[in-house]
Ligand code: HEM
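First, one chain by itself in structure tokens, the form predicted alone.
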């Protein structure tokens, strides 16, 4: 989700609540002879409010599973998730009096920090990566369609190489390298075709633009003029394949942070409940 003008109300409310909580904590900390503590009445109030905010933020996943519920749009819940989740961070610190406490408290505070930071990182990626993708990738394709697009690139290359070298020569498992056509066919079979494959890895030699340029340049120098257009087309197709690799990489970045944020959010709720139980039990 992008932070746009639709977030203004939530941003304003969050800042007002944060300012009020900061003033309240300052008064509480100065008036407490033993310093701020999580077990004091103000400390417990900060903890209860922070816990409720985290619990509400965690309900977003439940709301997404039931889109037909008439409890506000998913977008509204997501805005609340972002700003109330951010607000819970300072309230947790106010609850603890900026102290780490025992092992359980340290784990809970560490999880809260990582969850909040991963959420902020996710927001930053959602703002930056789409712009980078638009600038760096001329012809962006849907992520789910990338294998199909790659297969089309490979098919186009097969047709191009077959038109000048013949299908049997271009795709044969072994070809003599005595003439320019065989040289081009061998280069295509050994390097280009595997790179255009939908399963090509980012570690492929042609995935690096500099190495790819050097490899194509060496072949350019050894081909006759009639084969140059085909090689140029192969080079363009490889450039498109690199763009698709970049797009897949950015897509993983764009969504991969959820693999950290989601499970750790659940862990935070579990440790938060454990902290509450032990605090009241002991």
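Definition used throughout: the rigid core is the maximal C-alpha set that superposes within 1.5 Å between two forms. No experiment lies behind these values; they were computed from the predicted model shown. Positions refer to the first chain, counted from 1.
From this point on, the text means the form predicted in complex with this ligand, which you will not see here.
S.K.: Select from the listed residues 157, 185, 92, 150 the one whose heavy atoms reach within 4.5 Å of this ligand in the predicted bound form.
M.R.: By the 4.5 Å heavy-atom cutoff, the listed residue in contact is 92.
S.K.: So which of 206, 165, 196, 108 gets a non-hydrogen atom within 4.5 Å of this ligand in the predicted bound form?
M.R.: Selected residue: 108.
S.K.: Considering non-hydrogen atoms and a 4.5 Å limit, does this ligand approach residue 57 in the predicted bound form?
M.R.: Because a heavy atom of residue 57 falls inside 4.5 Å of this ligand in the predicted bound form, the answer is yes.
S.K.: If you check in the predicted bound form, is residue 39 within 4.5 Å of this ligand, heavy atoms only?
M.R.: Yes, residue 39 sits close enough to this ligand in the predicted bound form that at least one of its heavy atoms falls within 4.5 Å.
S.K.: Quick one: does residue 180 come within 4.5 Å of this ligand in the predicted bound form, counting heavy atoms only?
M.R.: Answer no; every heavy atom of residue 180 is more than 4.5 Å from this ligand in the predicted bound form.
S.K.: Within a 4.5 Å heavy atom cut-off, is residue 73 in contact with this ligand in the predicted bound form?
M.R.: It does not: once this ligand is placed as it appears in the predicted bound form, residue 73 has no heavy atom within 4.5 Å of it.
S.K.: Counting only non-hydrogen atoms, choose the one of 187 to 195, 157 to 165, 108 to 116, 207 to 215 that falls within 4.5 Å of this ligand in the predicted bound form.
M.R.: Of the options, only 108 to 116 has residues within 4.5 Å of the partner.
S.K.: Could you pull out the residues of 254 to 279 that have any heavy atom within 4.5 Å of this ligand in the predicted bound form?
M.R.: Those in contact are 257, 258, 261, 262, 265, 268, 272, 275, 276, 279.
S.K.: Please check if residue 255 moves between this form and the one not shown, taking a CA shift of 2 Å or more relative to the superposed core as movement.
M.R.: It does, since the residue 255 C-alpha is displaced 2 Å or more between this form and the one not shown after the core fit.
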